[in-house]
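Just the one chain here, the form predicted on its own, laid out as structure tokens.
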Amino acid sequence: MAKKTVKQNEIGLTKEDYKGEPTTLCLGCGHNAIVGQIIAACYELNIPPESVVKISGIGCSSKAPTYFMDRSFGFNGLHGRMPSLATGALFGDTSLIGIGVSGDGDTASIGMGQFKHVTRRNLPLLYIVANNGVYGLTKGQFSATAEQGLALKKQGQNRYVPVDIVWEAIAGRASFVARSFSGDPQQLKALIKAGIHHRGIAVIDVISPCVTFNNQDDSFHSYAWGKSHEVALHELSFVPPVRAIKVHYEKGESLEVSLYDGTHIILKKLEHDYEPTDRVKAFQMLEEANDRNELVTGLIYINPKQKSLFDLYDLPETPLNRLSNEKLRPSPESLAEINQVMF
């Protein structure tokens, strides 16, 4: 019998090299689909797992980093505190690629303050929100993103208007904001690739159905509702810098967005005549879509020229975590000089 050939990427790794521990999430959970597309994106982008740092908070979603790239650095922190951990880790080593995985409870409830500050600071981080509208780890209570009027078993009826994570990200001055659906793997993978290469915060709100607690077909976070109400703004593809850009569409116009490192996002317009670099129109589009109960997906806003957090500081080329004590600590002479000036 002929030996089966295992496909490798350009750095000699197989897809297995990007996997982690077996998932303990429910069968059919949308979070597993998100994990699968993170693995596929990093494999296809030829990213060494050792160049990635994975950060998460608390919740079903925050278990996800365990299930991909077990050769990467990783930290599972406190509820809602993932942005602080990511800021510290990425400041310590700016050469790392940061992937943060959070949930709607972790981000839109206890973590809303940290979410707002990490977006306005524009930290170079892929920030994925696995959004299922419930606290799945603690038996399905409503989260801040659950739609008003939703009735769930043993939880009663939700009285409050939901938090729109995409809206909050744009209002918080995030420089890359997208929404996707865990049941749309090609779009999600393309957005993950683009987010990894974006120089700044890349927030992707992923509607990720909970098959145990928020599993009614008419729920806005269910698989059935997402499939029947998804409206894609455009067809999206990501073009690495080493490949020639050859794009041809038989129908519809295309828009090319260049990122800082020479990569490109190609957007093919569908039924919407939409410009993702216009922040005001992004708000208008979201408001109109919410009124129509549409799940609008795709790249909703991007500003590739906005300065990142790293651009605001005079950081050395050598990562801070690799500098010697002599370079990190001020000399006795410099401290004495500072003390003389101050006192």
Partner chain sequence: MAKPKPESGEGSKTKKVVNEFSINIATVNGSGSQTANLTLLRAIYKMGIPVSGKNIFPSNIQGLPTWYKIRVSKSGYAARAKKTDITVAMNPKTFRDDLEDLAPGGLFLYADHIKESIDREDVLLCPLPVKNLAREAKPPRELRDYIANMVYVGVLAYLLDIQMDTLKNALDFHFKGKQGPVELNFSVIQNAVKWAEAELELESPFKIQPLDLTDGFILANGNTAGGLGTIYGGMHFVSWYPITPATSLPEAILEYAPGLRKDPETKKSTYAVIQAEDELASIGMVIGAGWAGLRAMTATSGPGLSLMSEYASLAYFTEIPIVVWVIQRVGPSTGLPTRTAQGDVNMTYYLGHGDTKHVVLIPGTVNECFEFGWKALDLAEKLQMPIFVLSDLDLGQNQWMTTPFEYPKTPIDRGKILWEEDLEKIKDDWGRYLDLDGDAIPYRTVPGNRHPKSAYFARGTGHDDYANYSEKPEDWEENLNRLKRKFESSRPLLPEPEISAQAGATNGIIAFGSTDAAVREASDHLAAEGVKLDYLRLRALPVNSQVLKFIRDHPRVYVIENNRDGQMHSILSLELPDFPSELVSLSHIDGLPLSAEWIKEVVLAEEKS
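None of these values were measured; they are calculated from a predicted model. Residue numbers count along the first chain shown, from 1.
Below, we turn to the form predicted in complex with the partner chain, even though it does not appear here.
Student: Within 4.5 Å, heavy atoms only: does G262 come near the partner chain in the model of the complex?
Tutor: G262: no contact with the partner chain in the model of the complex.
Student: Answer with yes or no whether G103 is in contact with the partner chain in the model of the complex, where contact means some heavy atom within 4.5 Å.
Tutor: Contact check for G103: no, nothing within 4.5 Å of the partner chain in the model of the complex.
Student: Contact with the partner chain in the model of the complex for G149, defined as at least one heavy atom pair within 4.5 Å: yes or no?
Tutor: Result no; G149 lies far from the partner chain in the model of the complex.
Student: Although the partner chain is absent from this view, report whether G136 comes within 4.5 Å of it in the model of the complex, heavy atoms only.
Tutor: Yes, contact at 4.5 Å.
Student: Given that the partner is absent here, state which listed stretch (199-207, 179-187, 232-240, 78-86) has heavy atoms within 4.5 Å of the partner chain in the model of the complex.
Tutor: Flagged stretch: 78-86.
Student: Report the residue, out of A33, A289, V53, I47, that has at least one non-hydrogen atom within 4.5 angstroms of the partner chain in the model of the complex.
Tutor: Exactly one residue meets the criterion: V53.
Student: Taking the partner chain in the model of the complex, which residues along 24-49 bring a heavy atom to within 4.5 Å of it?
Tutor: The stretch 24-49, when checked against the partner chain in the model of the complex, contributes T24, L25, C26, L27 at the 4.5 Å heavy-atom cut-off.
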